[in-house]
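In the block that follows, a single chain appears as structure tokens, in the form predicted on its own.
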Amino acid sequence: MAGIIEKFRLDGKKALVTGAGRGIGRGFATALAEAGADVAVADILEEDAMRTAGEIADATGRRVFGIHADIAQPGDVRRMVAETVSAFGRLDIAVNNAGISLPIKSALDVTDGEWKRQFDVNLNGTWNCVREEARAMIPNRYGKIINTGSICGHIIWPTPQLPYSVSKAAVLHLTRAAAAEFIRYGIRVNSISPGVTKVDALFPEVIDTFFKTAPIDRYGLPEDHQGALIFLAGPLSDFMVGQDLVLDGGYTIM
């Protein structure tokens, strides 16, 4: 019988990560490969996807390849999932990490176009992915779908981020609704909600706001979210359905 450490291994599993060219997504793709999975690295920035895939493959020896895809485009998502299944033979783990945030501004200054783009990526894009990934997993009667939420889906951030917060709250409810429907096929859908994490796209003023309240004395790093991902991706979380893991340095308990 496998010991507890072996149960965290993902040897032979086939994974897809969106928004994986950099930041948290890159950390997720790296962790999956280090745990033994083969990984498709998808990103709207093709150069980032290809570079990251090559670096992870060199470091881990796993089968890793890059895919250019805009998750807001259903056709791109269908192609992305199809290419992954074609390359690997099946899809076991799907991590829907891609997302955007509008610059911090008053809700009254948000344009119709900005509002639409925020939801086209964060909510509609995540839905596009969940739907196609589930279709690929159903024949195997098993799979793990992990969405990236945000603490802003749980709380109201002190500085104005209304579109982003609402889009992430919708992602969390999408996670719960999809989990309830797809568990009948053996597919577990859960999510991870990062707190303030230092990545290239992080607005500097967010860090200042974080430290005014957070009980911890540092911001997060992509590596801080890898353990939760590996848990959700493997068999030890098979009894977890439609849940959200918050990793925020304690910000939301204050």
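Since this is a predicted model, take the numbers as computed values, not measurements. One-based numbering along the sequence shown.
Here the subject shifts to the form predicted together with a small molecule, a form of this protein not shown in this document.
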Seminar exercise, completed: Exactly one of 164, 182, 127, 88 comes within 4.5 Å of the small molecule in the model of the complex through a heavy atom, and that residue is 164
Exercise. 94, 123 and 230: each with a heavy atom within 4.5 Å of the small molecule in the model of the complex?
Worked result: no
Exercise. Can you check whether residue 224 is within 4.5 Å of the small molecule in the model of the complex, heavy atom basis?
Worked result: no
Exercise. Is residue 57 close to the small molecule in the model of the complex, meaning a heavy atom pair under 4.5 Å apart or at it?
Worked result: no
Problem set entry | Any non-hydrogen atom of residue 144 within 4.5 angstroms of the small molecule in the model of the complex | no
Exercise. Contact between residue 170 and the small molecule in the model of the complex at 4.5 Å, heavy atoms?
Worked result: no
Exercise. Thinking of the small molecule in the model of the complex, which stretch from 29-37, 57-65, 198-206, 182-190 has heavy atoms inside 4.5 Å of it?
Worked result: 198-206
